[in-house]
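Taking the form predicted on its own, here's one chain by itself in structure tokens.
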């Protein structure tokens, strides 16, 4: 025992001399029910015990040891903790109980370790993590490897082994830094706990916009209590299709619907194709109709029919649709016998439907029928406080497809969020823009970490995509948004927008501020005592908090 203390005193000196590190070291390890036992008396110090030995290495400090153990081995875990305090008092041992009732059941062991990875508060910017794969069954070791390789455990693999005759109890160790490019993607996923209806409609995203949350709460009630038509409106990319799909799945889970989910984009339906696609046709109804067809309304029998861009439907199709909704019967094209179909309709559009009715493009009676429950989905800009939880959601979606986790560096996330929530971020295509942005950054990330350089390049890309739109360059509103941002631009009168557009165009084509001033004040300068054109231009630009250099 005296030899052990002497060796560790020497190790403390080495620590002070060799280890000036910024991040603390945390080791995640499974209690070795056999290897860590080795008896209760002093003889246990003569044998190699992996969880004791990893805290005795001369060239490595273990600040925290997270020891995973089963309920029945708490006493052994306490003994290991006491022994570690003897050889490495600076190591904090933290217990985490797991249930390996069948340690050779892969799904059971994986799910227990997966749950740990989700519940433990990892801080990769502050701590370095080592995942000890020496103890536990082979199944547990494989699971630790998989979780580390896919970044659910954000660390490096750490393996210990017995030493030579000179140092049998301390042994040696090896750190394995996985190169993810060497391995196939891991596609294993396990069912998560079922969330509530409201959370389900929000895809589990913890949205913060109170108006949106209130709307979803009512929509969840209506979805489960009513079979009447609904109208979902909102800009392109606001999430209409995704929401309707979740409504269908929620009703399906609750046993309220047995049929299919049928989606139709009405903008793709033209002429006879529209009639045939929706309502079906009889054999010989038109040239090319060599066989009878039931149509999508029949396919949706007992299910849910989502007619997206319903404003694009022709008036004849609208009349037939109204009858199909009200009577659950309709007549296929060229047929003399009606078909019955009992479906629930949800319609989607980004049009002003009342305007379409006033212009004679949409039937007023059909709008009244589908407008019983109407919900307007706000744009991403209108609920910008929900961008951050949706950012995390997009990262998780990418992880599911790619088979590995991706996250931001601390500085990179702060930089991206600052831009993403600023007036300069237009989010023209709403959540489609966000999805594309995350996909690009995650694809380019190295080792599953999005860096500041990747974020900087992505911000540049988005600015160019949103602002450098040449066909719209002569629109004063867009020029103002490009120069000032959407928030400031929205506060300008049309007069000031045109003024800013004209001044900016002159400045861009001028060699200097004085040259621009002479062009802008070429007539009035003749009637003034002072011809300081630069000063006059500076005053105009000051009204918009701009400088000449910013415009050139």
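Residue numbers count along the first chain shown, from 1. What you see is a predicted model, and the numbers here were worked out from it, not measured in a lab.
Heads up, the form predicted together with a small molecule isn't pictured, but that's what we're talking about next.
A.B. asks: Of the options 443, 101, 242, 376, which one has a non-hydrogen atom that comes within 4.5 Å of the small molecule in the predicted bound form?
C.D. replies: Looking at the other structure, the residue within range turns out to be 242.
A.B. asks: Heavy atom within 4.5 Å of the small molecule in the predicted bound form: which of 397, 381, 363, 298 fits that? Just give me the one.
C.D. replies: Checked against the cut-off, the match is 397.
A.B. asks: Could you tell me which of 327-335, 229-237, 477-485, 84-92 sits within 4.5 Å of the small molecule in the predicted bound form, going by non-hydrogen atoms?
C.D. replies: Heavy-atom contact with the partner occurs in 229-237.
A.B. asks: Residue-level contact is defined here as any heavy atom of the residue lying within 4.5 Å of the small molecule in the predicted bound form; does residue 393 satisfy this criterion?
C.D. replies: Answer yes; at least one heavy atom of residue 393 falls within 4.5 Å of the small molecule in the predicted bound form.
A.B. asks: Taking 4.5 angstroms as the cut-off for heavy atoms, does residue 73 touch the small molecule in the predicted bound form?
C.D. replies: Because no heavy atom of residue 73 falls inside 4.5 Å of the small molecule in the predicted bound form, the answer is no.
A.B. asks: I'd like to know if residue 131 sits close to the small molecule in the predicted bound form, meaning any non-hydrogen atom pair within 4.5 angstroms.
C.D. replies: No, residue 131 sits far enough from the small molecule in the predicted bound form that none of its heavy atoms falls within 4.5 Å.
A.B. asks: Heavy atom to heavy atom, is residue 112 within 4.5 Å of the small molecule in the predicted bound form?
C.D. replies: No.
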